[in-house]
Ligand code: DC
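Just one chain is shown here, as structure tokens, and it is the form predicted on its own.
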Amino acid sequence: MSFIIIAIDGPSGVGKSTIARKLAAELSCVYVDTGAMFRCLALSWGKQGCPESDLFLQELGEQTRIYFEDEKTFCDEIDVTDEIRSEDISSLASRISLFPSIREVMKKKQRALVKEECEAGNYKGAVLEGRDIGTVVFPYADHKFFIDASPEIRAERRYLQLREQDVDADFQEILSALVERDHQDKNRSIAPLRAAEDAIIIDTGNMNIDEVMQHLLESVDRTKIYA
């Protein structure tokens, strides 16, 4: 049996986490939320005043322990699953991801995590989602997908999600934050957000989650997983 790697990239708020988690469960793969890993660093960074020295950032990246358990995200042994999903942390995550030292440390952490799972033999593969998985972290991934939707559609989804949670939300503020983050992610000098040349691009603007999942599953070569 081979260990398959599936990369799912795309902009903020497009639903990558939900899609990747469901796909991993369907294929008996480990789910790795790389976006949550950056958010964990952003949370710690913000609490310490956001210093930008290379030495501090290097130590922050290397010393922060991040892991996933029972669909929860832990940072230095603390459950931060909900805390890291705020708009403020999203903005900080975009900022901290601009630093080359942070991206290099995180790339190593992500590769090491997948290697450990492969050697442990508990899963048939790994599904990773982020912004540079198929282009930088795992350019040799067996399958690459780029999930996209317009900023307006992503903002509307986020707005409705927050309202369902009885959280006060302003659509224009959410939209502005998404547009700003898109600009930062696409124009950073290190690992800018873009679809890999061999990625399958899926516009989810007019698709529900079940339709997206069907598209992904039809594209995955299951013979490699169940060989």
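Every value quoted in this text rests on a predicted model; they were computed, and no experiment measured them. In this text, residue numbers run from 1 along the sequence as written.
Only in words, not in the display: the form predicted in complex with this ligand, which the text now covers.
The chain is drawn here without this ligand; in the predicted complex, the stretch among 97 to 105, 146 to 154, 67 to 75, 117 to 125 whose residues come within 4.5 Å of it by any heavy atom is 97 to 105.
Within 4.5 Å of this ligand in the predicted complex, a heavy atom is found for not a single one of Gly15, Arg158 and Thr204.
Of the residues given (Cys29, Ala36, Ala199, Ile174), Ala36 alone sits with a heavy atom within 4.5 Å of this ligand in the predicted complex. This ligand is not shown here, but in the predicted complex it comes within 4.5 Å of a heavy atom of Ala93. Although the partner is absent from this view, Arg85 contacts this ligand in the predicted complex, with a non-hydrogen atom inside 4.5 angstroms. Under a 4.5 angstroms non-hydrogen atom cutoff, this ligand in the predicted complex has Arg188 among its neighbouring residues.
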